[in-house]
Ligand code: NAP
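The chain below stands alone and is given as structure tokens, in the form predicted on its own.
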């Protein structure tokens, strides 16, 4: 496949070099942001580098559009979201090509992300009609008490590079379904998917100003969004460090926050686990998106009785994996997003080996940003990979003897986003799933994300939930009404 053909779109209108504010596509006055291909390392597109002035314009446009959008019936809003979903589906492969081109993940994984991400638009197209209120029994005669749910107002979304479609749709879907308007700031490394998504929203009939999208300075744009009293809700997916900063900056305006932050997910494999199921769970939980996922299994704890068999079987699977061009059907994972990401994987590998870990599979680096899927065994519990999020295709197996030890090791982190466990014993499953300090637990599976279930963490992994009816509630406020004199 030639470079000219790599990632070519059927619908060339989806490759966009402008931003959308108040229904108008605009450029910028500053030097644009180059978007590179993580595999070829070539710059293949440019997007505007906007800042404070444009962010204020977007806030004003969203505020102007809010009353009319909130006044639409839930059914009317849902119909537009449904049309948006249908247009996404009609352009599925082109959106997946954009994801692979700017993110690097394999085309098959990009199609999987598309299906997951588009599912939020489909789900919230229906869920819009289910923002139900309450009638409360009155404590005295002659009164009626009600609790109504109404849109919170203008919302903002700041999204990461690792899932450029799905991390956006799971914010936009519920926000617009609830009756909010939105300003979105995608990651500068992967803006093209978000801009194509916005173009299809415009085609679906989203009114001007209801959805606005800005690329540019995260500091400048984020500063306007956090400081503005007009923006009543901020949803962010990214690092804990930046999440804490946004939390601090939003305090003065008392915003409602949704923060999906860093993870350090453990996978616990018990002696009574089905070996084949455990290996498959580890493969998905660790190597999905090349390990560049906030819910990736960062620490794999395996009980002593099954550890040797697990390492052998897991190592055979990892040895058979190939890192390469995301558009090559033979590739199992693509390149890492940038040089810093690759360097961190190498640092965690070297640290574990220096502390006595054993290399079972992979371990090699290739040209550019490729890193071979890697498995280390006999990793000591004090290795860096046991305490820091690797965010790459490096798996390390750490042993344990008892359930008590497994829970102690799993919970010895400030993070609590996701956790995984493999066991066939109902008592072990019940005890461990309740004992894990995390917002989500995968039991005998490494694939837990779905639009129908609440996604979110505890401790330093964030606030709030995305997905399900809980995700819709994040964009609604409750108003209490008391009628007297009846």
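Positions refer to the first chain, counted from 1. Because the structure is a prediction, the values reported are computed rather than measured.
The following text describes the form predicted in complex with this ligand, which does not appear among the structures shown.
Steric access to the site is open in the shown form: after superposition of the site C-alphas, this ligand as positioned in the model of the complex comes no closer than 2.4 Å to any backbone or C-beta atom. Only one of 417, 422, 58, 50 comes within 4.5 Å of this ligand in the model of the complex through a heavy atom, and that residue is 417. Site annotation in the model of the complex: the residue of 278, 302, 99, 167 reaching within 4.5 Å of this ligand with a heavy atom is 167. Heavy atoms within 4.5 Å of this ligand in the model of the complex map, among the stretches 127 to 135, 232 to 240, 351 to 359, 393 to 401, onto 232 to 240 alone. In the model of the complex, at least one heavy atom of residue 158 sits within 4.5 Å of a heavy atom of this ligand. By the criterion of a heavy atom within 4.5 Å, residue 162 is counted among the residues contacting this ligand in the model of the complex.
Using a 4.5 angstroms limit between non-hydrogen atoms, residue 408 is distant from this ligand in the model of the complex. This ligand in the model of the complex is approached by residue 185, whose closest heavy atom lies within 4.5 angstroms of it.
Contacts with this ligand in the model of the complex, taken as any heavy atom within 4.5 Å, map within 260 to 280 to 260, 261, 262, 263.
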